[in-house]
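So this first bit is one chain, no partners, the form predicted alone, shown in structure tokens.
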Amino acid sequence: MSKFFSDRYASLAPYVPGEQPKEKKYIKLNTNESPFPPSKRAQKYAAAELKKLMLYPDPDCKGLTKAIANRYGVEEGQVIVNNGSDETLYFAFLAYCDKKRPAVFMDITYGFYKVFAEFTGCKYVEVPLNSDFSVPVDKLKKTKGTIFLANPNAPTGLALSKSTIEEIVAADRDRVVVVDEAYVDFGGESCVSLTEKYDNLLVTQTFSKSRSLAGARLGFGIADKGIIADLQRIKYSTNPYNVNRTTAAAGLCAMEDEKYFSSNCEKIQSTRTWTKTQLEDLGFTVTDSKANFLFAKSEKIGGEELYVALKENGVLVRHFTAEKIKDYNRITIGSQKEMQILVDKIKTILEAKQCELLKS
């Protein structure tokens, strides 16, 4: 860093995105992107907006906001559209966390929560997951502060039921609970309907995973109108034109193309089930993921060793170094062909490992 950098951020540890390699062709199973392209209609509408790029986009994304509201059965005033769900989460940290109101999140979860907490200068509490990676619900209900809960969680893929989430929300109506549903479309249970009952609940979702728009950067939040008004105030105080014209157009079509969306989600879930079975047959322990990825470990090879070996064989997965999960790798569900290659590569790696052990 330069000598001019503010002391305020000198100790900040930034979020580390998954690898986006350019030097070699890999099968990318490391950043939870969709293996399917955006719908043809979404591509067409986004391309049409290129002719209007000399004009600012609609800061309220009215057409897209209406489509989201219609899709989830809420009023337009209960929806905010932002530059990825990360931005919605960031706004929530700014709005509802400070030195008096700590942010509360799991110790093993989406890495950006801790980054946002440190960046905004708020206090935070990391609640340890249970040994089986489940959320300690009773403890969470008693912990004071604004709760940020990824459901399904990342990188474990485990999900809480809507009724359990409701228990957490109802336990303290004087605090905000943010439920990050980035992966909910792959088998989780959405809590959007609870926003009609609880004015302290914010649900965020993204177009990056199930709607094939990771490169467009688009997300949204649904909550009581009061919470949305809070987030809009933050948005209009930072960057009101945060969603560009082409992204908004692609998002509108992606939201309306329900058949294409549902079909892709079903294919990913089916491939996830197949891959889980294959890995278990190879002796892996695999969590019961409700996301578009698997979280797996093997007693036959270390997590980092497998990650490196797969990379050398042209397959990228995500490895984390935290002590609790260092034996695991997070594996994005790609196409059926890509997952077959993954399984074949793992078989080859394990066979080679076994041969080395026998020689020694």
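Start at 1 with the first residue shown and count on from there. Keep in mind that this is a model prediction, so the values were computed, not measured.
There is also a form predicted in complex with a small molecule; it is not shown, and the following applies to it.
For the three marked residues, Gly145, Val177 and Val203, no heavy atom of any sits within 4.5 Å of the small molecule in the predicted complex. Taking the partner from elsewhere, Leu160 is found to have every heavy atom lying beyond 4.5 Å of the small molecule in the predicted complex. In the predicted complex, the small molecule stays beyond 4.5 Å of every heavy atom belonging to Arg211.
Contact annotation for Phe93: none of its heavy atoms lies within 4.5 Å of the small molecule in the predicted complex. Taking non-hydrogen atoms only, Lys114 never approaches the small molecule to within 4.5 angstroms in the predicted complex. Taking a 4.5 Å heavy atom cutoff to the small molecule in the predicted complex, the contact residue among Thr247, Thr275, Thr156, Ser85 is Ser85. Between the small molecule and the residues Leu218, Ile80, Val184, Val104, the one pair within 4.5 Å by heavy atoms in the predicted complex involves Leu218. The candidate stretches are 195-203, 146-154, 259-267, 169-177, and the one lying within 4.5 Å of the small molecule in the predicted complex by heavy atoms is 146-154.
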